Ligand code: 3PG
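One chain comes next, on its own, written out as structure tokens in the form predicted alone.
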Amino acid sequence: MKKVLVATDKPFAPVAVQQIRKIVEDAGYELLLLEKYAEKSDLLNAVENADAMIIRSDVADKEVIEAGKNLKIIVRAGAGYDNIDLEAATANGVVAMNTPGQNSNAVAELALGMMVYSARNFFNGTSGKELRGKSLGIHAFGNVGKYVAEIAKGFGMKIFAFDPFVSEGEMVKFGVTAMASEAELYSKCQYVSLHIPATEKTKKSIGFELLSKMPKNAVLVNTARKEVIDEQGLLKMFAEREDFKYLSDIEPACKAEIEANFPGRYFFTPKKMGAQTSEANVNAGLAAAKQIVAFFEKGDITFKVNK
């Protein structure tokens, strides 16, 4: 009997666990559950006999993958998968997958929510601004970017996007104007919403050179990864542009310096909150379970992210 381990330091909602269990057991597999574990050794012990593993933000590094002697597949319940060592997975014959699109609406709603919060001066009682008529740049037009565009249209924003992997025709379908380069996007838009993955090419790619091109009252919204930000460039932008605000779904390493020197110009969620809705929690967990069953029963590798 195949064993499917759900290893989540931040557990799925109970209703999600119940439905994951049903999918797994209906397929004739056994569900192993490891939640809120205290030590990495707990994960190493739990994965030892697992044939498949579902994780959230949990780290599946080389040590964890090699500890899974029977492991054939790891599914990250969510879009980002930089918490999986892809090289180690490939070297050990393990298929790594994500569940793209399952958290997209939740992340998009958070991005727009932070924009509203910032525009109204963090609800401090003073007169703020409106989003209607403001220019919004979407940096990467994948699943989340498309939801951001859809919601932003409801606010009456002017929407632009840059993504070298998405055609202009696809963007036009969503009422979005395509930009030819990152520089053009940042030069055009007062608000920029980041949705790029953290790769060797994108890490620290958003810095002063790009940010300084933004028009007056610039607002950068990051619901992607903190690693894509060049924090020295970010601090320079704060120092040289008093009109600049930074809103992020994860605290930067330079949080203390920003808090000390640039009050009223930032907002950071206390932990990564993009996927933290009951709907996204359920959707991503169920998708992960279904993908595991499809992999074992049909050899389906549609969402494979390693070579």
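Because the structure is a prediction, the values reported are computed rather than measured. Superpose the two forms; the largest set of C-alphas matching within 1.5 Å is the rigid core. We number the residues from 1 along the sequence you see.
Here the subject shifts to the form predicted together with the named molecule, a form of this protein not shown in this document.
Novice: The named molecule isn't shown here, but in the model of the complex, which of 253 to 261, 268 to 276, 62 to 70, 45 to 53 has heavy atoms within 4.5 Å of it?
Specialist: Result of the contact check: 268 to 276.
Novice: Just checking whether G207 would be counted as a contact of the named molecule in the model of the complex - the rule being heavy atoms within 4.5 angstroms.
Specialist: No, G207 stays farther than 4.5 Å from the named molecule in the model of the complex.
Novice: Does A79 reach the named molecule in the model of the complex, with heavy atoms at most 4.5 Å apart?
Specialist: Residue-level check for A79: yes, a contact with the named molecule.
Novice: Report whether the minimum heavy atom distance between N103 and the named molecule in the model of the complex is within 4.5 Å.
Specialist: Result yes; N103 sits at the interface with the named molecule in the model of the complex.
Novice: Taking 4.5 angstroms as the cut-off for heavy atoms, does R225 touch the named molecule in the model of the complex?
Specialist: Contact check for R225: yes, within 4.5 Å of the named molecule in the model of the complex.
Novice: Suppose contact means any heavy atom within 4.5 Å; which members of 1 to 39 contact the named molecule in the model of the complex?
Specialist: Sequence-ordered list has one entry, K10.
Novice: Using the rigid core as the reference frame, would you say Y37 shifts its C-alpha by 2 Å or more between the shown form and the other one?
Specialist: Yes, the C-alpha moves 2 Å or more.
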